[in-house]
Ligand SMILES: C[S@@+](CC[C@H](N)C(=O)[O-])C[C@H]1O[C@@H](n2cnc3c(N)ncnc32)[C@H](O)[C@@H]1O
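Consider the single chain below, provided in structure tokens and representing the form predicted alone.
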């Protein structure tokens, strides 16, 4: 049965493809690679009750990559089909909007904001919410797509046509973000973030094309003109 044609950036596309979430060779393959990259930026929990808030968690793809770190993994998302899958993978699933997180101030020892900033009309509201729930001394991990010609070309023109890339129409390039603007917005909350470009390792990608099972590691490169990520700590 063909999928419905949704408006660009319509979050219902994730629900339409819910059966693809945990297929590492399917429509969300790159989200698995990004989840592993986000986890690599997180330190181990420093207490038995430490909380990790995963904003726009989808089906909880971060879960297997952070289970050894010792956090209580709380995932917030609007999509109920994805949340149900996240709960099946050990995530404490909370239905909620990234622009108005239904969580208490300072409740999180770590916050992950991946695959969300480039999907909302006001990414700085997500920054505000991420910092509101992050305790002093806590760590923040993020990734997004830069509002540049290169960002649009690589994420839309190229990536949507490559195996493993995002589904067609999932991203609206008009919503891509300014890395400098994000850095400044986080700094106003006492969070200093260091950003870098993210690029799938070419050798890993070729191996993945061959068998569609091996993970693809994302390389850190200078610059932030396309897909980028980073991390930082909130000032104690």
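Keep in mind that this is a model prediction, so the values were computed, not measured. Positions refer to the first chain, counted from 1.
Omitted here: the form predicted together with this ligand. The next part is about that form.
**Q** Looking at 147-155, 109-117, 128-136, 84-92, which one sits within 4.5 Å of this ligand in the predicted complex if you count heavy atoms only?
**A** Selected range: 109-117.
**Q** Report whether all of 163, 202 and 227 sit within 4.5 Å of this ligand in the predicted complex, measuring from non-hydrogen atoms.
**A** Zero of three within 4.5 Å in the predicted complex.
**Q** So in the predicted complex, is this ligand close enough to residue 197 to count as touching (4.5 Å, heavy atoms)?
**A** Taking the distances in the predicted complex, the answer for residue 197 is no, it never comes within 4.5 Å of this ligand.
**Q** Does any part of residue 179 reach within 4.5 Å of this ligand in the predicted complex? Heavy atoms only, please.
**A** Residue 179: no contact with this ligand in the predicted complex.
**Q** Residue 215: heavy atom within 4.5 Å of this ligand in the predicted complex?
**A** So residue 215 does not count as contacting this ligand.
**Q** Whether residue 79 contacts this ligand in the predicted complex should be assessed with a 4.5 Å heavy atom distance threshold; does it?
**A** Yes - in the predicted complex, heavy atoms of residue 79 and this ligand come within 4.5 Å of each other.
**Q** Please identify the residue among 39, 31, 51, 185 with any heavy atom within 4.5 Å of this ligand in the predicted complex.
**A** Going through each option in turn, the one that passes is 31.
**Q** Of the options 191, 66, 56, 27, which one has a non-hydrogen atom that comes within 4.5 Å of this ligand in the predicted complex?
**A** That would be 56.
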